[in-house]
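Next up: just one chain, as structure tokens, the form predicted on its own.
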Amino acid sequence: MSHRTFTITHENLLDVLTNTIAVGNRLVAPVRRGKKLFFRDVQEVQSIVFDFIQSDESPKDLVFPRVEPMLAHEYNAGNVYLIDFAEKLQPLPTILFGTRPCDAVALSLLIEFFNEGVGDPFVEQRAENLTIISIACTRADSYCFCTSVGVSPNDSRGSDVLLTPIDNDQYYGIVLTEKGNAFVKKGGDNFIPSEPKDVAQYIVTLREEFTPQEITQRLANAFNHPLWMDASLRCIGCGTCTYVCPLCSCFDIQDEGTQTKGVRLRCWDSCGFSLFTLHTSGHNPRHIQSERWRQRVMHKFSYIPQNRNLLGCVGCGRCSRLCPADMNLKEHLCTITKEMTEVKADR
């Protein structure tokens, strides 16, 4: 489809979002909860936060909830009854508004991952009912490094509509998909057709610290490097980095219940946990934290590129901002690049 472009005022955008709720859609947008910023269901558009760099959690649980029932069973009078929750899901049409481009890219990659091969009916149904309205980044902080991992502050991948704040309390928008076209169409005259604009002056400039190819090549020689031990000394294995990451997809399956009834749950998991690789025999192939930290970095920047020709990171910086031990992933990747360059030069 050809990409429609438009402008809309902030006031008219709020009117569109208000009408989105009024007609029965679910609206999820960034809101404050104390000092933190989360994507939550919104009933009053005045609660939406527009001026922020990044939310504290990603919106990935809209397609991949942190805990969800998959199956339930009950044994009664000699009969076994099964409930397949994928058949009963029926997610509401959902508008995800205000996400940053890095999160939209991450959501598209996460959905693609879960739908490879047979496909995941839970993720698939939620993705089909999800429309993503992203807002390009006009600000960044020291934790942001999207340009170093092949993403940009106004990346359009994964978004159905991409908005850019411009002059006079307005947004310039581009419609990228049929879902986005349907959203704009429902907004009627609030969206004013516009000629394509060069929005570079409004987008934050973010220096590239390294390239995806560079970090992947350096990691190919880094498996036994002492930097893993040095970097992991602060790590407490809490899993925060995994839980706030928009692309981490590891999960565990738990069965809860009794002899007569129970439920099977899918729950987020983390490669940073000591039990993540614990075998039934008691052996743990990654028994110390440095090996678990190495696995996290290697998985995102070496193994995924080898297997899927893309990185497992979009440079949102959440893992570093929220780490209670102040482990900074961007700084660590820069160290890897520098250390491995030096090792290579000495050979």
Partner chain sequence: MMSTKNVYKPYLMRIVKIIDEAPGVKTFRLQFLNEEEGKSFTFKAGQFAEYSVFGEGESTFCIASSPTRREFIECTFRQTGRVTKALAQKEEGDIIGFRGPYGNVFPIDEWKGKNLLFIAGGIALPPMRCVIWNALDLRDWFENITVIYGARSVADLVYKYELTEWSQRTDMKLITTVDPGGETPDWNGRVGFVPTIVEQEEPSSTNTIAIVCGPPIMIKYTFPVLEKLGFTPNAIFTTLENRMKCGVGKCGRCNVGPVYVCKDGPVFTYEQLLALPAEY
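Computed from a prediction, not measured in an experiment: that's the story for all the values here. Positions refer to the first chain, counted from 1.
The form predicted in complex with its partner chain is left out here; the points below concern that form.
For the three residues Met70, Asp120 and Ile253, verify that every one has a non-hydrogen atom within 4.5 Å of its partner chain in the predicted complex; reply yes or no.
All of them do, each having a heavy atom within 4.5 Å of the partner.
Gln306 near its partner chain in the predicted complex, any heavy atom under 4.5 Å?
Judged by the heavy-atom cut-off of 4.5 Å, Gln306 is in contact with its partner chain in the predicted complex.
Given that the partner is absent here, does Glu116 sit within 4.5 Å of its partner chain in the predicted complex, heavy atoms only?
The answer is yes: Glu116 has a heavy atom within 4.5 Å of its partner chain.
Given that its partner chain is not shown alongside this chain, does Leu278 nevertheless sit within 4.5 Å of it in the predicted complex, heavy atom to heavy atom?
Answer yes; at least one heavy atom of Leu278 falls within 4.5 Å of its partner chain in the predicted complex.
Gly257 versus its partner chain, in the predicted complex: is there a non-hydrogen atom within 4.5 Å?
It does: once its partner chain is placed as it appears in the predicted complex, Gly257 has a heavy atom within 4.5 Å of it.
Just one of Leu227, Cys235, Ala86, Ile166 has a heavy atom within 4.5 angstroms of its partner chain in the predicted complex, so which one?
By the 4.5 Å criterion, the partner-contacting residue is Ala86.
Of Arg264, Lys179, Lys197, Arg157, which residue is found within 4.5 angstroms of its partner chain in the predicted complex when only non-hydrogen atoms are counted?
Spelling it out, the residue with a heavy atom inside the cut-off is Arg264.
Which of 198-206, 139-147, 98-106, 77-85 has heavy atoms within 4.5 Å of its partner chain in the predicted complex?
Heavy-atom contact with the partner occurs in 77-85.
Quick one: name the residues from 277-302 with any non-hydrogen atom within 4.5 angstroms of its partner chain in the predicted complex.
In sequence order, Thr277, Leu278, His279, Thr280, His283, Pro285, Arg286, Glu291, Arg294, Gln295, His299 come within 4.5 Å of the partner.
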